[in-house]
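As structure tokens, one chain now follows by itself in the form predicted alone.
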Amino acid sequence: MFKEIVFLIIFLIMLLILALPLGGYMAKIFTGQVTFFSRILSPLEKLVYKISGINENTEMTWTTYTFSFLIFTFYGFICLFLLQGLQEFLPFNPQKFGPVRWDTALNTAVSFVTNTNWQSYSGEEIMSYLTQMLGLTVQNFLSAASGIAVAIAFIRGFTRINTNTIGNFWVDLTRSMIYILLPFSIVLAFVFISEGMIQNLRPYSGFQTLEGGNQILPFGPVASQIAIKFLGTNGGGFFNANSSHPFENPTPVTNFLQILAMLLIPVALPFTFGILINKRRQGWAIFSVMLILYLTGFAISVYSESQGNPLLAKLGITNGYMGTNMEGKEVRFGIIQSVLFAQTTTSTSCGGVNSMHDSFLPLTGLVLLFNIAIGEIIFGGVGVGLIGLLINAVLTMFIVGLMIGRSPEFLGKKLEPFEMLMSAVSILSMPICVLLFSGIAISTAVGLSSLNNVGPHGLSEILYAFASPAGNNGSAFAGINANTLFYNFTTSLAMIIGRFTTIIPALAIAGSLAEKKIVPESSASFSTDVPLFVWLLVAVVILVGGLNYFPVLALGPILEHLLMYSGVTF
């Protein structure tokens, strides 16, 4: 246990060492300041503006900013959908794959433009190299850059006074791509290649196994896709086995870097937030909330897995510390790194996995479900995670205002009915979506037809199948066949609802706040950069999530945990 604790401490220290300067770097980028890379990358930025006809000095209202984001997403969807349908006529298709089935193509296009990267298919079996590179990898960049851009626009709502503009979407998008995602992904991809991750355009090749049989090994441009997969918290793996595949995650170094990359930008953004609002302590307060929730979930999961499965103990299998329940885990790296990977991928919106979440014990499954179901605000996706937690902070300050009999305000801006309405829409849309679609699935034959397990575990599989797309996560319990017309269509709707009911209300709030003046602090003001606020925000997140999902969680993983100790399996 001592080694695991030391590993976690080293990991968190390294994360902070990288995230703190990155937070300052991003603050400089979006305020137009000169950075270390400006001399190299600024000409590229100017070239993009010239080719695209963008005036970087033009500001947008929140409605124009929202329209730009929506039309950009829509065109990305059309291009990716057509690319999948036409791939048999296009180059870089050495396996001669035909068109992707229309409902799978629809689901995949929605998935990648919403930064969900939910995959109901096996990429190495149906996607050409061109589709993987020009379609999936490009959208990994664009959807992540869109999330960062919207987060910066949302922050501007708190910093601007008496104006109706919140920035320029095209400028924010371009800077996110050129100064953050592209250079960091290039460096990470080369590191991955140096560790043995493949990057080529070779046709699939046959090899003879040790048993004398034949096996086809898939190849492809993997490292370039995996780098942005994690840095952009996308999660779209090249292979169906994702990061448990040795070509996609070959060594302990790549495993460590993949976990680190998932958290890097989401952890840096609270510090960017603190710098942009000129209140660094506020950035630390938001980061503290995220870290408390993250470590709490990790501790519960480690405890659950360390107890082992009592049913295996009854069979005479040793139930020592981390000595059992390795089925479905990443045996190369052990339980701790399997749990850390799972906790990280569900606390961000990455969705990449190095072990099967369906194989974790019920309490661990409960934690993973909860991480996603509360809207993935424990670090969350790049940009969107910070937005979600700040919207919860708005709700917290509204509750505080009711308690102390004072008009609610946050960061000097009064919170009025419009802000509360938009916050309610953002917070409640996801649980309504998840519970509604899950209810339809368990009530219909078509919803139950591809289920592998019955009882409470089967309920958890269905709940996860909708929580993950609605939370724009993309990971799966891996116990349900989601590549059916019913699940492809319903999860597509869930992804759209999850993405746009977070971003559109956030931009609306930003536009409203930007028009307001700053209310000076007084002795009656409630400080939001102190431990009391941190614990209030943690409590609100847990209580709101608990109230929304407690009945279905009680019938799913909690009931399964109790029945497991009674000798019942599913």
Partner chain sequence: MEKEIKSGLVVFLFFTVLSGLLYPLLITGIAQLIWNNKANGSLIKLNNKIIGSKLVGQQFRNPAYFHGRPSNVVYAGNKSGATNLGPTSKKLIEETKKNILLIRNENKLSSDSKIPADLVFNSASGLDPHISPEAAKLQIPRISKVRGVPEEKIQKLLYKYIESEQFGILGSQRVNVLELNIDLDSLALR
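Positions refer to the first chain, counted from 1. Since the structure is predicted, the reported quantities are computational estimates derived from the model, not experimental observations.
Just so it is clear, the following notes concern the form predicted together with the partner chain, a form of the same protein that is not shown.
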* For residue 485, is any heavy atom within 4.5 Å of the partner chain in the model of the complex, or not? -> no
* To do: Please check if residue 245 has a heavy atom lying within 4.5 Å of any heavy atom of the partner chain in the model of the complex.
  => yes
* Is there any non-hydrogen atom of residue 400 lying within 4.5 Å of the partner chain in the model of the complex? -> no
* To do: Would you check, heavy atoms only and a 4.5 Å threshold, whether residue 387 touches the partner chain in the model of the complex?
  => no
* Name the single residue among 82, 217, 90, 432 that comes within 4.5 Å of the partner chain in the model of the complex, judging by heavy atoms. => 217
* Exactly one of 300, 440, 425, 198 has a non-hydrogen atom within 4.5 Å of the partner chain in the model of the complex; which residue is it? -> 198
* Structure fact -> Which of 467-475, 69-77, 379-387, 271-279 lies within 4.5 Å of the partner chain in the model of the complex, heavy atoms considered? The stretch 69-77
* Heavy atom within 4.5 Å of the partner chain in the model of the complex - qualifying residues of 42-75 -> 44, 47, 48, 51, 52, 53, 54, 60, 64, 67, 68, 71, 72, 75
